[in-house]
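Below, in structure tokens: the form predicted on its own, a single chain.
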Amino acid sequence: MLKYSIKRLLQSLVTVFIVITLVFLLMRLLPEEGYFGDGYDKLTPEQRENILRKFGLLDPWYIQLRNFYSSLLKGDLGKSIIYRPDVPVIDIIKLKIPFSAAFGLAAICVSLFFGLTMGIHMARNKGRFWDKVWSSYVVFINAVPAAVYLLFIQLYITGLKFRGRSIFPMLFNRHDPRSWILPLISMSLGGIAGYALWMRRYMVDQLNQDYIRLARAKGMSDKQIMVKHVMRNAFVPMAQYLPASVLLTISGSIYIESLYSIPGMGGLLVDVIQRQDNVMVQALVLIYSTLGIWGLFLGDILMAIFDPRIRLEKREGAR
């Protein structure tokens, strides 16, 4: 276990290094306007050159990369140029993470609860009415582009009124709990469909296995079989992807946060891309990439811990 963990940790570190390097080099291909601000057209060529030299962008790429890693190891992601001039990126992100983390973690809890419950109900009623109803929901969520039904929810659900007053506000307001409901539902819809589909497939497959027949022959009830065998085993593969889901949702849902004007990480990324704040874009892309890689690493470790049947390393002498 320890040997495997160290091996996966080293692989993750190498992957993070490669991703960060590629992102850094690709960002250097973007237009230089993203390093100047609003007055780019008013600057003379000499002034532009001085500003680029200030950022070290006239140095050879390997010198720039060395300086970047030196700053990164000190926890310095640079300063915003256009979004909030001369404010450290870290200080900006600190204000955004709480919103994304709150919505992301709440959405995961909602997705897990309703998705797993729906999947179990579908499996136990295979081929019947409710299985067809929930299967239609899963097909709809996977077939229709998310932007379509999410926009539909915002435009038409927010139009519902009670006594002349909107039930759900269209935009997020931290002081109005009603405005939290639609973003939370929007973030949960895809997860509910994914978990429901996974649980149904797994349970239908497992219920036909020999060990289930043996358990029934020993006199175990269907409820005991579900809890002690089927559901317990179903959670093992799910553990591999759960950490990545948690980390990525904490970093924010790009489209939904932008749609409801939630001041989180996702909306921030859209905003800085539109404003061409290259330093901010680079920092956020690095954060998203790193969270995804570490999420997969933690998922592998959790899967190994929860399922001792998984052999993480070859036995000595095995060929």
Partner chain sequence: MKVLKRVIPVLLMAVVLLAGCTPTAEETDTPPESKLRESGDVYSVYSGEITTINYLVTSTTAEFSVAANVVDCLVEYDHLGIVRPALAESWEVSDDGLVWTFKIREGVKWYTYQGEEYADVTAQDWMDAARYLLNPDNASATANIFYSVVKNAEEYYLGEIDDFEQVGVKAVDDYTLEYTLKHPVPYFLSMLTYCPFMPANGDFLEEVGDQFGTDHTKILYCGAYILSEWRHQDERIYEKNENYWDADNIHIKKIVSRYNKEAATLAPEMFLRGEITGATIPTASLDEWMNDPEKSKMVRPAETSFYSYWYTFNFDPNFPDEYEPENWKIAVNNKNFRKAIFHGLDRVSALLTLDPYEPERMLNNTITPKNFVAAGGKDYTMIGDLAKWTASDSFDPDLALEYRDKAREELEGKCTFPIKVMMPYNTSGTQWANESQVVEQQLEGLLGEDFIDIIPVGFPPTGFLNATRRAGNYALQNCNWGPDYADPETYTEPFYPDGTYNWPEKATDPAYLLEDGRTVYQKMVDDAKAEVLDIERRLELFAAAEAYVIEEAWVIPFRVGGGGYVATKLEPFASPYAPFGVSSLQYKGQIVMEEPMGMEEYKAAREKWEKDRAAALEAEAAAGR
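Please read these numbers as outputs of a predicted model, since none were measured by experiment. Between two forms, the rigid core is defined as the largest C-alpha subset superposing within 1.5 Å. Residue numbers count along the first chain shown, from 1.
One more form of this protein exists, namely the form predicted together with the partner chain; it is left out here, but the text below deals with it.
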Task: Contact stretch among 67-75, 154-162, 184-192, 109-117 - heavy atom within 4.5 Å of the partner chain in the predicted complex - done: 154-162
- [ ] Decide yes or no: are 79, 83 and 261 jointly within 4.5 Å of the partner chain in the predicted complex, with each residue judged by its heavy atoms?
- [x] yes
Open item on the list: Can you work out which of 87, 133, 231, 102 has a heavy atom no more than 4.5 Å from the partner chain in the predicted complex?
Closed with: 87
TODO: Using the partner position in the predicted complex, report whether residue 57 sits within 4.5 Å of the partner chain, counting heavy atoms only.
DONE: no
- [ ] Report whether the minimum heavy atom distance between residue 97 and the partner chain in the predicted complex is within 4.5 Å.
- [x] no
Open item on the list: Please determine whether residue 172 contacts the partner chain in the predicted complex, using a 4.5 Å cut-off between heavy atoms.
Closed with: yes
Open item on the list: Could you pull out the residues of 270-304 that have any heavy atom within 4.5 Å of the partner chain in the predicted complex?
Closed with: 271, 275, 276
Task: residue 269 C-alpha relocation of at least 2 Å between this form and the one not shown, rigid core basis - done: yes
